[in-house]
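Taking the form predicted on its own, here's one chain by itself in C-alpha cells.
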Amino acid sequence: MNSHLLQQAEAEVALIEVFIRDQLRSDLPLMRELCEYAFDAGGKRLRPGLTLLSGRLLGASRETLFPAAAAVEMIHTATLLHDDIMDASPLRRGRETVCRRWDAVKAVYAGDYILSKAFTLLSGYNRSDVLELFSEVTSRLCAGETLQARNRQNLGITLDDYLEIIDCKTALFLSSCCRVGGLLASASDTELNALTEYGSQIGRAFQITDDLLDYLGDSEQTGKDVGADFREGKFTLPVILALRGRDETADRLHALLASSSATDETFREVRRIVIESGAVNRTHDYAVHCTRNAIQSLRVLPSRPERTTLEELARWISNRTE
C-alpha cells in the first residue's frame, strides 16, 4: 500500500481515536470505563479509513470528514458490543468481550450510549442525506442479524440467503462509509455511485474472507475464537458451497451437520470435509471476484494517490489472514 498515504492515514486514525474518546466522555465512571475498554481493544479501523480516503479523493478536508469518520467507527463498535451479547462470544480481538468481563446489561447500555453519541456527531452536519444514510445502515444491520438468527442450523440456506445477510451486516455499512465521504465532498452522482459500488463489493469480500478465516484462521492472529460461526449454528459460504456438491463429500457433510452437536471434535471434522471438498478455494475465488468488481468501479474517479490506496486496500481485503 502507498507508504506515504498509509502513514498519513495511520496518523489521522490516531487523531480520530482521541476525538472519539473526547466525544464519549461521561460523568459516570463505569460508563467511561466500559467505553474505554471497548475502544482499547483496537481493530482495523477500516470504516473511518474508507470515509477519509473517499472524501479526500474528491477534495473534502480532514476537518469536514473527521466527525463522520469517528461516527462510523462508533456505530461499528456499538454493534460489536451487541453482537457479542447475542452470540455469547467470549473473545473479541484477543481479549474478553465487554459482556464477558462485566455482563450483558452493562454491554447493552454501553452500546446504546456509543450509538447515540455517533448520531449526535452525524446530526452536526445538519444534512438529512447523511442521517438517512446511517439510519438505513443501522436498520439493515438489525435486519441482517434477524435473517442470520432465522437461518441458524438451516441446512437449506441458499447462496442468495447468505448474500442478503452479509449485504445487510457488512456490505451496506462499508458502502455507506465510502458514500458519506463522497457526499461531504459534494461528489457527482456518477462519483457517488462509483464509491457506493466499491464499498459494497469490498464489503462482500471482507465478510466472505472473515467467514473463511473461521475455518482456516488462527485465534492468536484473528483475535477471535476460530470455529465460532460453526458452534453458533451459522452456515457461511464455505459450508454452503460444500453442501452444494453432488457427491459423497456433500452427503457426509450434510449428515454430520444434521446429526452431530457443535463440539470441537465435530468442527475439526467439518473443517476437514469443507477443505477436502474444494469449497475453501471456491470461497476465496468469490472474494477475489468481488475485489475485481470493486477496483473496476473506481475507474471513473480521479487518478489520485487515494484511488491507488483504495485499490490496494481492496486487494488486501480478499487476501487477509487476520
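Quick note: we count residues from 1 along the sequence shown, nothing fancier. Source: prediction; values computed, not measured.
Another form, the form predicted together with another copy of the chain, is not on view; read the next lines as being about it.
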query	finding
Contact flag, V105 vs another copy of the chain in the model of the complex, heavy atom cut 4.5 Å	yes
Another copy of the chain contact in the model of the complex: T249, any heavy atom under 4.5 Å	no
4.5 Å heavy atom contact, S188 to another copy of the chain in the model of the complex	no
L212 within 4.5 Å of another copy of the chain in the model of the complex, heavy atoms	no
A228, L163, L216, A143 - the one with a heavy atom within 4.5 Å of another copy of the chain in the model of the complex	A143
Contact stretch among 78-86, 240-248, 201-209, 170-178 - heavy atom within 4.5 Å of another copy of the chain in the model of the complex	78-86
Residues within stretch 91-117 having a non-hydrogen atom within 4.5 Å of another copy of the chain in the model of the complex	V105, V108, Y109, D112, Y113, L115, S116, K117
